[in-house]
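Next up: a single chain in structure tokens, the form predicted alone.
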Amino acid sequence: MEMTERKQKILEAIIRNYLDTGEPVGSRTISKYEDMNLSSATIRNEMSDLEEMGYILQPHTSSGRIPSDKGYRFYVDRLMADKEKEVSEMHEMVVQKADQLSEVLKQVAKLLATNTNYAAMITTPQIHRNKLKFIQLSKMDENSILAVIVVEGNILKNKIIKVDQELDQDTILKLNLLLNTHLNGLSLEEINLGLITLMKEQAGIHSDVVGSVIDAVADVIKADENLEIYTSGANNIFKYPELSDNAKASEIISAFEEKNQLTELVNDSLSKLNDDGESSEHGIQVYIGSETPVASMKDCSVVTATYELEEGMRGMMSIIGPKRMDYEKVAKTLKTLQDQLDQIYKKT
């Protein structure tokens, strides 16, 4: 008997429902799925075929069906194949987009500096309160597995996890199923102790692997090690007498070159955003003199603006100049480039 596309959809619906409820699944339940568009009678016939083929079981005469080991195997193999393809395509896309984005941001920094005659900087977008999209575990060798973690914004990270004993392919597939069933769509705050305890109980002797994966997820969502800062126009500082003093100018230019101090400015600016990604001034913030967290810029004014390429992916651009800077022109320039970035990356 052939495993048709309709049978596959019904089998997957049974498994997804059973994973959610732990209760046998009947034809009426499946008929309520919006994408099924089949009568209960048709579904019953297909379920009978699936039972005959060994993919589902009927634990009691009057009850619905539950997946068999063969059914789980079909579901997991299909799920992993689809996700491997998705991860591969996503990785290629991310690499390509990252290269393109890098060039765009460098050009934005130059435009900011040229249009204002001040110094300018822009950061790459960073993960902000992301939710987990998918986890894929795969075997590397007898003592390690690779965890591919994908979060909102299609940010993909790899993490190598050491294991005490070799895991066979069946165990890895079951762990994949367990992790994705419980964690997909959750933010870090939603992965609470009760959920972790439940998952570890279900993982049995492999509970330590679940713990390591959750730690890796937390690291990915919090990570900012890929922060890049592009600067332009640092020499414009010398155009303003109040900043052109050798000691003052060298401190400011040193901050631009080393960039460690600029990270403090980025963190401070992004920390003041609300959940909509805006400050009280619609994404524009102004630091005057000692208000800036960068000590070497205490004689400057710094105007920052955030941009968002995809949900949860935010970066910051900034203009640094004298306190007598043309604030209206600076704010207008930042706003214009914000809008252009939105258009380029079709933010919705």
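Note that residue numbering follows the sequence shown and begins at 1. Since the structure is predicted, the reported quantities are computational estimates derived from the model, not experimental observations.
Beyond the structure shown, there is the form predicted in complex with another copy of the chain, which is absent from this document and is the topic of what follows.
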Next item on the list: Quick one: find which of 202 to 210, 188 to 196, 69 to 77, 255 to 263 has residues within 4.5 Å of another copy of the chain in the model of the complex by heavy atom distance.
Entry: 255 to 263
Check: Among 126, 136, 171, 115, which has any heavy atom within 4.5 Å of another copy of the chain in the model of the complex?
Finding: 136
Next item on the list: Consider the chain as shown here, without its partner, and state which of 235, 107, 267, 181 has a heavy atom within 4.5 Å of another copy of the chain in the model of the complex.
Entry: 235
Notebook entry, point to check: How about residue 164: is it within 4.5 Å of another copy of the chain in the model of the complex, going by heavy atoms?
Noted result: no
Next item on the list: Indicate whether residue 215 is a 4.5 Å heavy atom neighbour of another copy of the chain in the model of the complex.
Entry: no
Check: Might residue 140 be said to contact another copy of the chain in the model of the complex, defining contact as any heavy atom within 4.5 Å?
Finding: yes
Checklist line | Contact label in the model of the complex: residue 132 to another copy of the chain, heavy atom within 4.5 Å | finding: no
Next item on the list: Taking only heavy atoms into account, state which residues of 227 to 251 are within 4.5 Å of another copy of the chain in the model of the complex, ordered by sequence.
Entry: 228, 231, 232, 233, 234, 235, 238, 244, 246, 249, 250
